[in-house]
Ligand SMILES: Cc1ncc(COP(=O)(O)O)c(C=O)c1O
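Listed next as structure tokens is one chain, alone, in the form predicted alone.
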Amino acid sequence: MSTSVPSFSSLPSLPIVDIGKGEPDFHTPDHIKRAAHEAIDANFTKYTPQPGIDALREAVAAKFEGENGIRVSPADVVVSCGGKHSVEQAIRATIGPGDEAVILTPHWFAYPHQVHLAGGRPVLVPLDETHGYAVNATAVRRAITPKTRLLIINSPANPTGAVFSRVQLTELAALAVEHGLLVLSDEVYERLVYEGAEHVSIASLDDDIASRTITVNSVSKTHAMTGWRIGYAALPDNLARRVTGIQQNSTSAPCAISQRAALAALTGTQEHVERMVAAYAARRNLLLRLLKDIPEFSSTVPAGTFYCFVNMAAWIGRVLNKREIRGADDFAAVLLDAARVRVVPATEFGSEKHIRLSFAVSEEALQEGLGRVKSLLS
């Protein structure tokens, strides 16, 4: 793919370059696909137990203990139709009308909506961009009220790429225990960390926080299985039973064939994960180099995920391609219309002054896309 940019009058005839998408561009590994074929050939195509097949729940429990340092019984694991489904069901099981959920922002777009759907009220606590979106425990404490029921955290974080340190998580854990809060920890990007960054599961810190933490994960990002729709959660106390009841009366158990594939993903070779992370790391470095050449863009260095959260505030209030830029939505629309480059505006993530770029795309797409953006903005 060429990085030369023709005149912008001819750009509408060019294919769109998508550097915003939120899923791996790798294919599901062959050994995982074989497990699905074997399940079909064995006629493993019927309903399964509502919280998932026993073998998969046991594998999830072993994964949590071996990789994350979380001791959990298979009986406390519920397998669902994706990480989003696991988060939504956990919120429904813990939030009711009038309850509040504290959410660190910028945030994954679905959290506030899911809290609203449960009848609750999301309380957003801004993270400081100048400090790499680190947790501010004092700000979190100020947001807690007698109505607060749940603290939602996401590390590695979509969309910022921030990875919360052990110290930051320890401060959040102390607040949760002090105020009797439940914690929902979304860890679907846990394996995608770079340059020595360490993913820490908050439930691994001590027994007190483990007893009040819901840990959510999935096979989507780690194993390039977004379309297979398998997520899972470790739920303390009697929450697994409550979530199973919700699932039983909504979606029922997830796809039997996908569960067998997920079992192969968790118990089989992990070489594909290492290859993907190495590729993402190289693309991340390329993206950061390309961004340095684009006028009035800035970004923190993402320590995890495959996203780069770009500050474009300098363009707000200006006119670009005959359109006034009032915020991220306008800016993203101009990039698409004038440069045929698709990015994700961060409005739904809680910011009008950012866009989210993805490096889960080829190096050629990054070079072409950022080359077009640079030419347009220059």
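In this text, all values refer to a predicted model and were calculated from it rather than measured experimentally. One-based numbering along the sequence shown.
Omitted here: the form predicted together with the ligand. The next part is about that form.
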Specify the contacting stretch among 142-150, 245-253, 277-285, 183-191, defined as having any heavy atom within 4.5 Å of the ligand in the model of the complex.
-> 183-191
Report yes if all three of G83, N154 and N158 come within 4.5 Å of the ligand in the model of the complex by some heavy atom, otherwise no.
-> yes
Among H199, R92, R229, R212, just one has a heavy atom within 4.5 Å of the ligand in the model of the complex, namely R229
Partner proximity in the model of the complex: Q259 to the ligand, non-hydrogen atom cutoff 4.5 Å | no
Taking the shortest heavy atom distance, is Y111 within 4.5 Å of the ligand in the model of the complex?
-> yes
Examine K221 and determine whether its closest non-hydrogen atom to the ligand in the model of the complex is within 4.5 angstroms.
-> yes
